[in-house]
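Quick setup: one chain, the form predicted alone, written in structure tokens, and binding and motion questions come after.
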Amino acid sequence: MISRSALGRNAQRALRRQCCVQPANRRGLAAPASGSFQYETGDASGVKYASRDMSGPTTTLALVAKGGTRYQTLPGLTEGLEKYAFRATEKRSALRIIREAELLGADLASYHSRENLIVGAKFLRDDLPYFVELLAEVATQTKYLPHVYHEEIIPLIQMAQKKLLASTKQMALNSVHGVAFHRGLGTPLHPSSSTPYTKYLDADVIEDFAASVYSKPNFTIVSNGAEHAELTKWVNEFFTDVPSQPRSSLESHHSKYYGGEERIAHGAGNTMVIAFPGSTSATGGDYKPEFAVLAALLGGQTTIKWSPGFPLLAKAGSKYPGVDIDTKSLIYSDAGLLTVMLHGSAKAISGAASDVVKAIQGVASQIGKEDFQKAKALAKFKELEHGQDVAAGLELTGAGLVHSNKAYQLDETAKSIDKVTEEQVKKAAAEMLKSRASVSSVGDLFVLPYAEDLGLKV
């Protein structure tokens, strides 16, 4: 049964349709409200929120919480809490939530990263009140029923474990984080098949964790495609029962980089990840935009059809058919990793990995001026592209507000990339080579090289 407020909005929509003929000079939906990616921020009795009114008929709304695997106190807690989202609440059954969302043409989602738990929805712009209310219910009124845990949550966790085990890329990425940071950011995104999570988890333990994650200091509401005044109104109305303080502190020690090597045998593919200390996010305390430029310069994936492009590792990879190379600057609230992932045949990876190290050594000594300008332009483009990737923008903005009380403003970050110099990039590459690398190899260990074989210090 749909709530009375939802039915009232149907009448409002009908009235709006009568006025559907627009003046010829009215701005079309494709035109942005402004050229800026800036978010407006606010506070509703301790609940932080941010909005960006992008022109268009749809809205994306998310609750971004400090509940990623970094902050879980027991194995599998984040995974379990994520799977409880949009199930029965004190006001609505799971079936009612599903049917109402379908009637409104919405898309509901929940997922997590190493630092954040995201619960969100995409919907028609006029339905903002309903979905703000629904997110408030998820945060404060979810029923953590034991039979739901045993019959629905555990099978979903087991499915996530199987997906992890089947992907050498995910296994290598999890492994390299563990080697680099040990605990905290090193905690796997999903519990491995050998993790004895069932002896730690039950519905009550997850509910206790939720009481900390869904407290005012630990989450924020972020919206794309909603008027700030409208979001302010509904957050003030529906988020009144949120606990002022977490039930228990969600502490994580400041990230410390260690480095090292891990090798995992796997029969279904080959992946190698080489990582070095990188930059924090722009809202963190040690943001270094030169790492975004360095990642673009190294690259591996061309953006130009029929050509390997300018990235150094794209050119190197063309010599080894069957290997994919991808360089990323992974940013977190207090640490970062620059990662080079190689995926393909073990023999091709072995050859390409040597060229990866040589490319970094080359950057540390000399960078072509034209390649540098191309890398800076590509890094800026990728940063601004986040502004159009709504999911990325929501998480980065929400995480910035939660961790440092500062929204992640994408256009400001792009401007900082403009100021990067060649010397900064060369220095970053040189410091990477001096530090201990983090290397994870998953696949045919008889062929995949050791870090020592590549001349890396671990």
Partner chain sequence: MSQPSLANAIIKRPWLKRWLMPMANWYADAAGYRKLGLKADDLIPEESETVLLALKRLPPKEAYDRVFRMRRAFQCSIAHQLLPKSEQTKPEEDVPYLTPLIREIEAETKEREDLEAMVVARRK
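Here the structure is a predicted model, which means the values were calculated and not measured. Positions refer to the first chain, counted from 1.
FYI, the form predicted in complex with its partner chain isn't displayed, but the following is about it.
A.B. asks: Would you kindly say which of Ser354, Ser93, Ser248, Thr303 lies with a heavy atom within 4.5 Å of its partner chain in the predicted complex?
C.D. replies: Looking at the other structure, the residue within range turns out to be Ser93.
A.B. asks: Check each of Lys162, Arg183, Arg99, Lys319 and return the one that places a heavy atom within 4.5 angstroms of its partner chain in the predicted complex.
C.D. replies: Contact check passes for Arg99.
A.B. asks: Looking at its partner chain in the predicted complex, do all three of Leu103, His147 and Glu151 come within 4.5 Å of it through at least one heavy atom?
C.D. replies: Yes, each of Leu103, His147 and Glu151 comes within 4.5 Å of its partner chain in the predicted complex.
A.B. asks: Whether Asp127 contacts its partner chain in the predicted complex should be assessed with a 4.5 Å heavy atom distance threshold; does it?
C.D. replies: Looking in the predicted complex, residue contacts with its partner chain include Asp127, since a heavy atom lies within 4.5 Å.
A.B. asks: From the candidate stretches 103-111, 257-265, 76-84, 309-317, select the single one in contact with its partner chain in the predicted complex, where contact means a heavy atom within 4.5 Å.
C.D. replies: That would be 103-111.
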